[in-house]
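A lone chain, given as structure tokens: the form predicted on its own.
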Amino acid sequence: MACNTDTTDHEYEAQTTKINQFLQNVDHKIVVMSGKGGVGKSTVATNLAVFLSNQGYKVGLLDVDVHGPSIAGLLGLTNLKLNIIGDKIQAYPYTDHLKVVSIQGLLDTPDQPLIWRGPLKIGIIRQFLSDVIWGPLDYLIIDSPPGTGDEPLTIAQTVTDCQAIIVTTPQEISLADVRKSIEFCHKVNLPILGLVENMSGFVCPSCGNMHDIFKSGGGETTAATSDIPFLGRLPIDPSVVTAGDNGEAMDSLTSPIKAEMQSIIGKIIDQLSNKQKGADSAMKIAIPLAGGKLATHFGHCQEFAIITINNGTVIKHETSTPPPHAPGVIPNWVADLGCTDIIVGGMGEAAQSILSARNVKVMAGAPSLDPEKLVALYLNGELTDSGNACEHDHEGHECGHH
């Protein structure tokens, strides 16, 4: 198993480019997290992927819990090795619509422990994003280990536009750790798609009645208090345990939990669809300025005009001073402002790559006009993207015409 952390800056940048190229072909990235272990996080992640794929979506399921990988066992893949073709890892085709990658598939034996510290774990996660043959995906579901350590932090910092689903159980000891996960997401700017309360009641196999062993409703209360969406409850069901041990997902069951999981899937799809509709009707356009007009030197402009559009109408026009010039800083700053588009004269390839990876549309080759005229031309489709890039942009500098 190859995991090389001793890379040069050039190799790291090349790998980052490959990661961004892959992520551009993924519509939705979701990391499944929990504050503590034993709450059924991997079971939820696995079934999210399976149920989404059953609806015809192209789904990738990535297990980044390198110390305790569970995905392979839950899907009956424990003894299957991942194929390596040249320098690429072949994701396992679980079905026509679901591909799976887990560190389990690279171990010599199923019980081999990985006694790794941070750099090795970060390295293998980046390899799974850069060196795996995934193909285009509608959803990438990432199963992260519990807590707020290296793995979820690496995902938050590496997987652009990723959103989190947090899994908890109803009892207070789990909810206390979940609140730490919620705060973690806020600190690393990882949007929270919602919270799932697992093990919420027990379905008696004899009578079919529900019994609240661990209480119920704590997850929904925590979600409401934290102002995050509550996606639903999943009860304890012995048939789920049996199915997991047999390498089968919930879709094979006749249990009521199957309908509960489908309800959660429906809420996720609706929420993402509504966000996309909102994005389609609103725009936030960045324009680098010098002397009140478009600056041809993107990386060293005096200020940016930030113009917000809603349904084709300018509703806000403000200016903002960019941070000091350094490789990669200004493109990320523009994306952090929530900009959806940027109009520039010229821009280097590295800066364009960063903005593209963060879903900011670049319109290059614009004339040096005031921002109001540029926005009007842009909205009317009268600007043509020249694809202009600075020839000497080798190190991620944000260049313009010289």
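Predicted model only: the values in this text are computed from it and were never measured. All residue numbers are counted from 1 along the displayed sequence.
There is another form of this protein, the form predicted together with adenosine-5'-diphosphate, and it is not shown here; the text below is about that form.
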Contact assignment for adenosine-5'-diphosphate in the model of the complex, among P235, P322, G194, G232, heavy atom within 4.5 Å: P235
C185, I268, M199, I124 - the one with a heavy atom within 4.5 Å of adenosine-5'-diphosphate in the model of the complex: M199
Contact test in the model of the complex: A326 vs adenosine-5'-diphosphate, heavy atoms, 4.5 Å: no
Contact test in the model of the complex: I30 vs adenosine-5'-diphosphate, heavy atoms, 4.5 Å: no
Contact label in the model of the complex: G37 to adenosine-5'-diphosphate, heavy atom within 4.5 Å: yes
Distance check, I155 to adenosine-5'-diphosphate in the model of the complex, heavy atom within 4.5 Å: no
Candidate stretches 53 to 61, 336 to 344, 370 to 378, 37 to 45, one within 4.5 Å of adenosine-5'-diphosphate in the model of the complex by heavy atom: 37 to 45
